[in-house]
Structures are given as C-alpha cells and as structure tokens.
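The chain below stands alone, shown as structure tokens; this is the form predicted alone.
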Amino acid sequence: MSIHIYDPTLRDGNHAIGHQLSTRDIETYCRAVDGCGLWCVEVGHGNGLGASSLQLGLARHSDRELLECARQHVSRSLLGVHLIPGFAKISDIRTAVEIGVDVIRLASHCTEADLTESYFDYARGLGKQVHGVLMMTHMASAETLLEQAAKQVGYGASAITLMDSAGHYDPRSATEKIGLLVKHLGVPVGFHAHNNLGLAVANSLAAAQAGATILDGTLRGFGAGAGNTQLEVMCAVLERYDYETGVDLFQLCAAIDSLSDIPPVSKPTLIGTSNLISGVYGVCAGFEKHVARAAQTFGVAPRLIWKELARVNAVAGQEDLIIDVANRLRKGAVA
C-alpha cells in the first residue's frame, strides 16, 4: 500500500521554539528536503495561519513571508498550510492560494466540525486540495469522530486527518479510530501523532495498518511538547513493513546531516517530564511553554496545572485558561 508522507516540521515545529523559525531556516530546510520524496511540506505559525498573537505567541515572520519563502524553495513536494477558524480568517485562504499553496488543511476541535463549514465553502472552489482535520481526538469516541469527519466530507473535504494533539493515543486507539473512519468515509484518512508517551511511531504504524494513507511526521520529531512522530524513523519502519512512501530514506538522512546549524536538528526534541505528564492527562501538547511560564510565575508545580487543565477539558485556543488555573492553584482555590 502507498502512504503519502506529510511533513509539518516547519509548522508544528514552530511551537518548539516559540514560533521563531526564520526565513533562513525555512529556505535551508526546504532546499535540503525538496526532492527526498516527501508528499507535502507544511509551513506556518504553530497554530496555523493568522495565529501570530500575544495569546498564542508572536511569530518572527508574517504568514506571507514564511509561505513566499517556502514556495520559492519547494518545487517537488507540495506546499501545505494549516488553518483553524477563529485564528485564521477566510481571507487568509485567498492569500495562501495566491502565494501558491497546494494543500489547505481546515482544522477544528474534534467535536466542532461545524465551525469549518464556511471555510470549506470558500476554499473548495479555489482548485486546491482541501482536507479536514480533527484535533484532540483522544477526547471523543470513534463513533463521534466518524460523525464529525463525515460532516467535513460533506462540506467538501477530500481527505480527513485525525490529530492526537496530546500524545495520549496508544496503538489500540489508533487502530479503532482510524479503522472506523477508513471503513465508512470513502476518502483518504490520515493520522498526526505526538510522542508524549513514546508511542508516536507505533501509533502511526497502527494507523497505517488500519488503512490510513496519509501520515504526518516531522524531522527529528521537531514539534509541540514532546514532538511529533519522528519522520525519518517512521519512513524506515514503514519500509520494513513494505509500505511504499516514495521517500528516499538515505537522501533524507543526508538532508538531516546537512541541517546541523538550524532547527530541527540544532534543537532536538526530548520527552521532558512535563510532556510525559501532559500525555498521561491528555492535554494539548502545544500548551507546554504556556504551562511552564505559568508554573514559574505563580509558583505552582506544572503537574498540578496539567491535572486541572485535564479536569476542565481545556482545548487548543484556551491558552488564557492556563493563567487562570495557575492563579487559582496558587490561591488554593482548586481542591
């Protein structure tokens, strides 16, 4: 079976360094990996188009600067973007398409697919691939995910990707949830993992075995929190299991060796204790730096913040809630 390899190193990886990827980083990375056989390279602020803000983190460069740089240096892979309605405006889709983006991923929390409908209405007439994405999918049952994904297909999604945004999955959950979508949706299904529990490669393999044909992975696992599925390892494992990815593994390894002075190679991603705890509790991996700052500011143990965020079912976009939780913990207002 063939697997499309989707590489969000230059988008999800932006979380790992506070959204400070430079245009030099973008250019160097794109030059190195273009031609390695990656199906699509995704670029942008960690939370996608339009997300650069005081709340989520100010990016070093504008969306336009990042995308124009990437477009100039990616010719053999497709160029993708990630959009979350509310952070991104519908007009951001037009800007991305004018720059030359090939794949548009429209994302929502796993039970809020309705929020993407107007964005699909706008994007699907622009002649680009438009995919649906459901985030934080450990928080919903397989049946609920199927219902939400079917809505996005109805809006015009040509593929659906489930994100394990908290790194909470195990291979059993990947098999169950991906398998149900593959059985009923009628469009390609993808999977995007985080590595909080050290299971990202195993979960991605389980997703492939359940029928996923699009897999996300980032170079050296560079990404939010504990990072993503390590791209080069995933490609090697898929090759061992006789999947066709189109990736030249040895060329990809040579590209990694040439990137020693820029992220993701110069900033290796590790599973820290805070990442591990967030994976156990199932809280958004992108909260890592916000939780660390709040813990230091209010003198509260990070594990207590993660626990309370899990109890109140905090989701991406609720970064302000982290400060409130830490403040309440400091005052002893949380049991």
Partner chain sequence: MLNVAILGSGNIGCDILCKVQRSAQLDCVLFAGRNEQSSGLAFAAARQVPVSAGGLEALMQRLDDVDLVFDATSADAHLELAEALRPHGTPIINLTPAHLGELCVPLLNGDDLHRAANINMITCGGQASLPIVMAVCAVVPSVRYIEVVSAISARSAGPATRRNLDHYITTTEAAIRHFSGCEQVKTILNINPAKPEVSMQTAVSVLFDSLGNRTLGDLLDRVHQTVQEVREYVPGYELIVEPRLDADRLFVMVRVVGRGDYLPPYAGNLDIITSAAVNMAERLAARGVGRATPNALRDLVLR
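Residue numbers count along the first chain shown, from 1. Bear in mind the structure is a predicted one, so any value in this text is a computation, not a measurement.
Separately, the form predicted in complex with its partner chain exists; it is not shown, and the next lines address it.
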Checklist line | Residue (of D170, D114, E147, E176) lying close to its partner chain in the predicted bound form, criterion heavy atoms within 4.5 Å | finding: D114
Checklist line | Contact flag, T23 vs its partner chain in the predicted bound form, heavy atom cut 4.5 Å | finding: no
Notebook entry, point to check: Does H138 reach its partner chain in the predicted bound form, with heavy atoms at most 4.5 Å apart?
Noted result: no
Note to self: Quick check on A316: any heavy atom within 4.5 Å of its partner chain in the predicted bound form?
What the structure shows: yes
Check: Taking 4.5 angstroms as the cut-off for heavy atoms, does I90 touch its partner chain in the predicted bound form?
Finding: yes
Note to self: On the criterion of a non-hydrogen atom at 4.5 angstroms or closer, are L56, I323 and N327 all touching its partner chain in the predicted bound form?
What the structure shows: yes
Margin query: Which is the contacting stretch out of 300 to 308, 66 to 74, 270 to 278, 47 to 55, given heavy atoms within 4.5 Å of its partner chain in the predicted bound form?
Written below: 47 to 55
Check: Taking its partner chain in the predicted bound form, which residues along 222 to 237 bring a heavy atom to within 4.5 Å of it?
Finding: none
